[in-house]
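First, one chain by itself: the form predicted alone, in C-alpha coordinates.
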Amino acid sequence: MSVFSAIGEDREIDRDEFTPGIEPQATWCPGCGDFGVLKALKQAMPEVGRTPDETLLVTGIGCSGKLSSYFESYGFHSIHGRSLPVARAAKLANPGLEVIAAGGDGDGYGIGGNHFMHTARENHDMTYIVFNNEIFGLTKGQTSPTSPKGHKSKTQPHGSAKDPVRPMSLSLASGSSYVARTAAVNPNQAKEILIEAMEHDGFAHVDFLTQCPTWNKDAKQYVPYTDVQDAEDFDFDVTDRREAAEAMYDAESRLHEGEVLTGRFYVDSDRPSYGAEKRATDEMPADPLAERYLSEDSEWERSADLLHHHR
(Lines give C-alpha, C1' and ligand atoms only; values in the text may rest on other atoms or scores of the structure.)
Protein backbone atom coordinates (compact mmCIF):
# COMPACT_ATOMS: atom_id res chain seq x y z
CA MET A 1 0.00 0.00 0.00
CA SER A 2 1.23 3.49 -0.82
CA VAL A 3 2.56 5.64 2.01
CA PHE A 4 0.22 8.49 1.13
CA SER A 5 -3.04 6.85 0.07
CA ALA A 6 -5.09 3.66 0.13
CA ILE A 7 -3.74 2.46 -3.21
CA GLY A 8 -3.21 -1.27 -3.11
CA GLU A 9 -5.90 -1.95 -0.52
CA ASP A 10 -7.28 -5.46 -0.94
CA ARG A 11 -10.89 -5.69 0.19
CA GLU A 12 -14.44 -6.14 -1.07
CA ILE A 13 -15.85 -3.00 -2.67
CA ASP A 14 -19.51 -2.00 -2.75
CA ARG A 15 -20.92 0.33 -5.39
CA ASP A 16 -22.67 2.33 -2.65
CA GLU A 17 -19.24 3.55 -1.52
CA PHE A 18 -19.23 5.75 -4.61
CA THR A 19 -22.39 7.63 -3.54
CA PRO A 20 -21.35 10.80 -1.69
CA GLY A 21 -23.00 11.83 1.54
CA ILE A 22 -23.12 15.52 0.62
CA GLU A 23 -24.89 15.20 -2.75
CA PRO A 24 -26.23 11.64 -2.90
CA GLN A 25 -28.96 12.47 -5.44
CA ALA A 26 -28.04 13.87 -8.85
CA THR A 27 -30.08 16.91 -9.96
CA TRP A 28 -29.85 16.64 -13.74
CA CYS A 29 -33.06 17.22 -15.70
CA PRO A 30 -35.56 14.33 -15.70
CA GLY A 31 -34.76 11.98 -18.57
CA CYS A 32 -31.17 13.19 -18.93
CA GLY A 33 -28.73 10.59 -20.23
CA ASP A 34 -26.12 11.70 -17.68
CA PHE A 35 -27.87 9.53 -15.08
CA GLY A 36 -26.91 6.52 -17.21
CA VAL A 37 -23.22 7.44 -17.13
CA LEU A 38 -23.24 7.84 -13.36
CA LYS A 39 -25.01 4.50 -12.86
CA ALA A 40 -22.70 2.61 -15.22
CA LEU A 41 -19.60 4.12 -13.61
CA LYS A 42 -20.73 3.20 -10.09
CA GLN A 43 -21.48 -0.35 -11.22
CA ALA A 44 -18.13 -0.68 -12.99
CA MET A 45 -15.85 0.39 -10.13
CA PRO A 46 -16.27 -2.71 -7.89
CA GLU A 47 -15.64 -4.92 -10.94
CA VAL A 48 -12.41 -3.05 -11.63
CA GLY A 49 -11.50 -3.46 -7.98
CA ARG A 50 -10.94 0.19 -7.18
CA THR A 51 -12.01 2.02 -4.03
CA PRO A 52 -12.92 5.73 -3.87
CA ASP A 53 -9.48 6.38 -2.36
CA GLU A 54 -7.82 4.78 -5.37
CA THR A 55 -9.78 6.82 -7.92
CA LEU A 56 -9.51 10.33 -9.33
CA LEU A 57 -12.32 11.80 -11.43
CA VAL A 58 -11.50 15.00 -13.32
CA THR A 59 -14.39 16.84 -14.96
CA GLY A 60 -14.81 19.86 -17.22
CA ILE A 61 -17.52 22.50 -17.47
CA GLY A 62 -21.08 21.64 -18.44
CA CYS A 63 -23.85 19.39 -17.17
CA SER A 64 -21.35 16.52 -17.31
CA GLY A 65 -19.05 18.44 -14.96
CA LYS A 66 -21.43 17.68 -12.09
CA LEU A 67 -20.42 14.02 -12.33
CA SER A 68 -17.61 14.58 -9.83
CA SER A 69 -20.14 16.02 -7.34
CA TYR A 70 -22.31 12.90 -7.49
CA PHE A 71 -19.44 10.38 -7.48
CA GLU A 72 -17.47 9.70 -4.31
CA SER A 73 -13.73 9.72 -5.08
CA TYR A 74 -10.92 12.20 -5.35
CA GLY A 75 -12.19 14.85 -7.73
CA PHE A 76 -11.06 17.92 -9.64
CA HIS A 77 -13.57 20.18 -11.37
CA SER A 78 -11.44 21.87 -14.02
CA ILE A 79 -12.21 24.77 -16.36
CA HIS A 80 -13.79 24.37 -19.78
CA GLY A 81 -11.94 21.91 -22.01
CA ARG A 82 -9.09 21.34 -19.57
CA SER A 83 -9.93 18.08 -17.82
CA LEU A 84 -7.37 16.07 -19.79
CA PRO A 85 -4.20 18.04 -18.93
CA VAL A 86 -5.15 17.92 -15.24
CA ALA A 87 -5.79 14.18 -15.48
CA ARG A 88 -2.51 13.62 -17.33
CA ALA A 89 -0.51 15.43 -14.66
CA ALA A 90 -2.15 13.44 -11.87
CA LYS A 91 -1.49 10.11 -13.60
CA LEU A 92 2.15 10.96 -14.26
CA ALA A 93 2.69 11.99 -10.64
CA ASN A 94 0.82 9.01 -9.20
CA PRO A 95 0.54 6.10 -11.69
CA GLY A 96 -1.23 3.96 -9.10
CA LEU A 97 -4.37 6.09 -9.27
CA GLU A 98 -7.29 5.04 -11.44
CA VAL A 99 -7.67 8.27 -13.41
CA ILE A 100 -10.93 9.07 -15.21
CA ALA A 101 -11.58 12.27 -17.13
CA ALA A 102 -15.08 13.29 -18.19
CA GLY A 103 -16.69 16.09 -20.15
CA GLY A 104 -19.32 16.92 -22.72
CA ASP A 105 -19.04 17.00 -26.51
CA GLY A 106 -18.56 20.78 -26.49
CA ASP A 107 -16.02 20.52 -23.69
CA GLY A 108 -14.08 17.61 -25.20
CA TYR A 109 -14.43 17.86 -28.96
CA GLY A 110 -14.61 21.66 -29.20
CA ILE A 111 -12.99 23.75 -26.49
CA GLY A 112 -10.69 20.94 -25.39
CA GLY A 113 -10.17 19.39 -28.82
CA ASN A 114 -6.45 20.09 -28.89
CA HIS A 115 -5.91 18.38 -25.54
CA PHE A 116 -8.00 15.42 -26.73
CA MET A 117 -5.89 14.96 -29.85
CA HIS A 118 -2.52 15.08 -28.07
CA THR A 119 -3.56 13.02 -25.04
CA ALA A 120 -4.63 10.31 -27.48
CA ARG A 121 -1.42 10.69 -29.50
CA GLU A 122 0.72 10.22 -26.41
CA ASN A 123 -1.44 7.32 -25.16
CA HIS A 124 -1.71 8.41 -21.54
CA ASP A 125 -3.09 5.66 -19.31
CA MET A 126 -6.55 6.93 -18.39
CA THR A 127 -10.20 6.63 -19.30
CA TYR A 128 -11.91 9.54 -21.06
CA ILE A 129 -15.72 9.57 -21.01
CA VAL A 130 -17.34 12.10 -23.34
CA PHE A 131 -21.03 12.80 -22.71
CA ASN A 132 -22.18 13.22 -26.30
CA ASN A 133 -25.64 14.78 -26.45
CA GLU A 134 -24.98 16.80 -29.64
CA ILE A 135 -25.76 20.10 -27.91
CA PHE A 136 -24.44 22.59 -25.36
CA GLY A 137 -26.79 21.74 -22.51
CA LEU A 138 -25.71 23.79 -19.49
CA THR A 139 -25.66 27.02 -21.50
CA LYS A 140 -29.14 26.29 -22.80
CA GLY A 141 -29.04 24.70 -26.21
CA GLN A 142 -26.36 26.08 -28.51
CA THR A 143 -25.01 24.09 -31.46
CA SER A 144 -22.08 21.86 -30.47
CA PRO A 145 -19.30 20.18 -32.49
CA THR A 146 -21.39 17.00 -32.81
CA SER A 147 -24.71 18.67 -33.73
CA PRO A 148 -25.85 17.36 -37.12
CA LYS A 149 -25.77 19.55 -40.21
CA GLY A 150 -29.01 21.50 -40.48
CA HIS A 151 -29.67 21.42 -36.73
CA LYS A 152 -31.44 24.61 -35.60
CA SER A 153 -30.48 26.21 -32.32
CA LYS A 154 -30.08 29.61 -30.64
CA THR A 155 -26.71 30.10 -32.31
CA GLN A 156 -27.78 28.59 -35.66
CA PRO A 157 -31.46 29.63 -36.07
CA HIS A 158 -31.46 28.76 -39.79
CA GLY A 159 -29.69 25.43 -39.24
CA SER A 160 -26.03 24.54 -38.87
CA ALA A 161 -24.09 24.77 -42.12
CA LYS A 162 -21.27 22.62 -40.72
CA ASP A 163 -20.77 18.89 -40.80
CA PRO A 164 -20.40 17.43 -37.30
CA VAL A 165 -17.15 16.16 -35.84
CA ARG A 166 -16.69 12.40 -36.17
CA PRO A 167 -15.43 11.73 -32.62
CA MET A 168 -14.40 8.09 -32.97
CA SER A 169 -12.64 8.66 -36.29
CA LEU A 170 -10.84 11.65 -34.79
CA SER A 171 -9.87 9.56 -31.78
CA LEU A 172 -8.43 6.75 -33.88
CA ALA A 173 -6.52 9.12 -36.17
CA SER A 174 -5.09 10.92 -33.12
CA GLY A 175 -3.77 7.71 -31.56
CA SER A 176 -6.20 6.36 -28.96
CA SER A 177 -5.49 2.73 -28.18
CA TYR A 178 -9.08 1.94 -27.10
CA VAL A 179 -12.14 3.47 -28.76
CA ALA A 180 -15.75 2.55 -27.98
CA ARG A 181 -19.23 4.01 -28.20
CA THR A 182 -22.09 3.23 -25.85
CA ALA A 183 -25.36 4.86 -24.84
CA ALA A 184 -27.24 5.75 -21.68
CA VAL A 185 -30.12 3.57 -22.87
CA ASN A 186 -27.85 0.51 -22.85
CA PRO A 187 -26.67 0.34 -19.20
CA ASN A 188 -25.35 -3.23 -19.30
CA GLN A 189 -23.14 -2.59 -22.31
CA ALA A 190 -22.06 0.78 -20.85
CA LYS A 191 -20.91 -0.89 -17.65
CA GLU A 192 -18.90 -3.55 -19.51
CA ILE A 193 -17.25 -0.98 -21.79
CA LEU A 194 -16.28 1.22 -18.85
CA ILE A 195 -14.73 -1.81 -17.11
CA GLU A 196 -12.70 -2.61 -20.22
CA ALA A 197 -11.68 1.03 -20.64
CA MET A 198 -10.38 1.31 -17.07
CA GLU A 199 -8.56 -2.00 -17.28
CA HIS A 200 -6.94 -0.99 -20.58
CA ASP A 201 -3.32 0.15 -20.28
CA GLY A 202 -3.36 3.29 -22.41
CA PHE A 203 -5.73 6.04 -23.51
CA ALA A 204 -9.28 4.66 -23.56
CA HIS A 205 -11.88 6.92 -25.17
CA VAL A 206 -15.57 6.20 -24.64
CA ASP A 207 -18.03 8.25 -26.72
CA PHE A 208 -21.11 8.01 -24.47
CA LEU A 209 -24.38 8.98 -26.17
CA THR A 210 -26.45 10.83 -23.58
CA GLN A 211 -29.86 12.14 -24.63
CA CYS A 212 -30.83 15.70 -23.67
CA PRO A 213 -34.66 15.89 -23.69
CA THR A 214 -34.59 19.48 -22.44
CA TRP A 215 -32.43 21.18 -25.07
CA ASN A 216 -31.97 18.65 -27.88
CA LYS A 217 -35.26 17.01 -28.69
CA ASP A 218 -34.02 16.09 -32.18
CA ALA A 219 -31.69 13.45 -30.76
CA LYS A 220 -34.60 11.49 -29.25
CA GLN A 221 -33.40 8.73 -26.91
CA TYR A 222 -30.74 7.12 -29.16
CA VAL A 223 -32.95 4.06 -29.66
CA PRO A 224 -33.16 1.56 -31.09
CA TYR A 225 -29.46 0.71 -30.91
CA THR A 226 -27.42 -2.12 -32.34
CA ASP A 227 -24.41 -3.71 -30.62
CA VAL A 228 -21.83 -4.22 -33.38
CA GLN A 229 -20.31 -7.15 -31.50
CA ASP A 230 -23.61 -9.04 -31.35
CA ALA A 231 -25.18 -8.19 -34.71
CA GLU A 232 -24.60 -10.58 -37.62
CA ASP A 233 -24.46 -7.68 -40.10
CA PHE A 234 -21.19 -6.40 -38.62
CA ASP A 235 -17.98 -8.39 -38.75
CA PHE A 236 -14.74 -6.48 -38.36
CA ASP A 237 -11.47 -6.93 -36.47
CA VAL A 238 -11.26 -4.39 -33.62
CA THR A 239 -7.46 -4.80 -33.59
CA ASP A 240 -7.13 -3.81 -37.26
CA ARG A 241 -6.90 -0.02 -37.69
CA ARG A 242 -8.19 0.00 -41.26
CA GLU A 243 -11.22 -2.17 -40.48
CA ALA A 244 -11.88 -0.19 -37.30
CA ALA A 245 -11.72 3.09 -39.24
CA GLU A 246 -14.29 1.87 -41.77
CA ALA A 247 -16.59 0.62 -39.00
CA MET A 248 -16.34 3.93 -37.15
CA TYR A 249 -17.09 5.98 -40.26
CA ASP A 250 -20.10 3.79 -40.95
CA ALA A 251 -21.38 4.14 -37.38
CA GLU A 252 -20.89 7.91 -37.36
CA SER A 253 -22.72 8.25 -40.68
CA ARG A 254 -25.67 6.11 -39.64
CA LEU A 255 -26.18 7.94 -36.33
CA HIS A 256 -27.71 10.95 -38.07
CA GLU A 257 -29.80 8.66 -40.24
CA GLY A 258 -31.53 7.25 -37.16
CA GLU A 259 -29.49 4.06 -36.63
CA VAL A 260 -27.40 3.86 -33.46
CA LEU A 261 -24.40 1.51 -33.58
CA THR A 262 -22.60 0.94 -30.30
CA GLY A 263 -19.79 -1.30 -29.06
CA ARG A 264 -16.03 -1.65 -29.19
CA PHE A 265 -14.48 -0.26 -32.35
CA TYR A 266 -10.72 -0.36 -31.76
CA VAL A 267 -8.44 -2.04 -29.21
CA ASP A 268 -4.62 -2.01 -29.23
CA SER A 269 -3.40 -3.89 -26.17
CA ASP A 270 0.25 -4.06 -27.26
CA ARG A 271 1.13 -0.38 -27.44
CA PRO A 272 2.82 0.85 -24.23
CA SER A 273 1.32 3.82 -22.44
CA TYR A 274 3.12 7.16 -22.20
CA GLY A 275 4.13 6.53 -18.60
CA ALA A 276 5.43 3.05 -19.37
CA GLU A 277 7.58 4.40 -22.21
CA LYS A 278 8.99 7.17 -20.03
CA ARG A 279 9.83 4.75 -17.22
CA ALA A 280 11.46 2.36 -19.68
CA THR A 281 13.86 5.10 -20.82
CA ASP A 282 14.50 6.31 -17.24
CA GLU A 283 12.91 9.67 -18.00
CA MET A 284 10.50 8.99 -15.17
CA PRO A 285 11.29 7.27 -11.87
CA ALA A 286 9.86 3.86 -11.09
CA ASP A 287 8.46 5.21 -7.81
CA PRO A 288 5.58 7.69 -7.97
CA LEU A 289 6.71 11.31 -8.00
CA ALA A 290 3.91 12.19 -5.60
CA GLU A 291 5.31 9.78 -3.05
CA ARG A 292 8.71 11.44 -2.92
CA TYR A 293 7.47 14.52 -1.10
CA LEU A 294 5.94 12.51 1.71
CA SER A 295 9.10 10.57 2.41
CA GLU A 296 11.66 11.94 4.84
CA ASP A 297 14.45 10.34 2.82
CA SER A 298 13.57 12.09 -0.44
CA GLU A 299 15.15 15.33 -1.55
CA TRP A 300 13.07 17.98 -3.24
CA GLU A 301 14.03 18.61 -6.85
CA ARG A 302 13.50 21.87 -8.68
CA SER A 303 13.49 22.39 -12.42
CA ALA A 304 15.71 25.45 -12.01
CA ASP A 305 18.40 23.32 -10.34
CA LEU A 306 18.36 20.84 -13.21
CA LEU A 307 18.68 23.61 -15.80
CA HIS A 308 21.58 25.17 -13.90
CA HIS A 309 23.29 21.77 -13.70
CA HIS A 310 23.23 21.33 -17.49
CA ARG A 311 24.72 24.75 -18.33
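Residue numbers run from 1 along the displayed sequence. Everything numeric in this text was worked out from a predicted model, so none of it was measured.
Although it is not shown, the form predicted together with a small molecule is what the next lines describe.
Shown alone, this chain has one stretch from 231-239, 131-139, 151-159, 89-97 that lies within 4.5 Å of the small molecule in the predicted complex by heavy atoms: 131-139. Contact annotation: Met248 falls outside 4.5 Å of the small molecule in the predicted complex, judged by heavy atom distances. For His118, no non-hydrogen atom is located within 4.5 Å of the small molecule in the predicted complex, even though that partner is not displayed.
The small molecule in the predicted complex comes within 4.5 Å of a heavy atom belonging to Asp105. In the predicted complex, none of the heavy atoms of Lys191 sits within 4.5 Å of a heavy atom of the small molecule. Among the residues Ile111, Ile195, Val185, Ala173, the one placing a heavy atom within 4.5 Å of the small molecule in the predicted complex is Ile111. When the small molecule is considered in the predicted complex, only one residue from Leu41, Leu67, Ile61, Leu56 comes within 4.5 Å through any heavy atom, namely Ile61.
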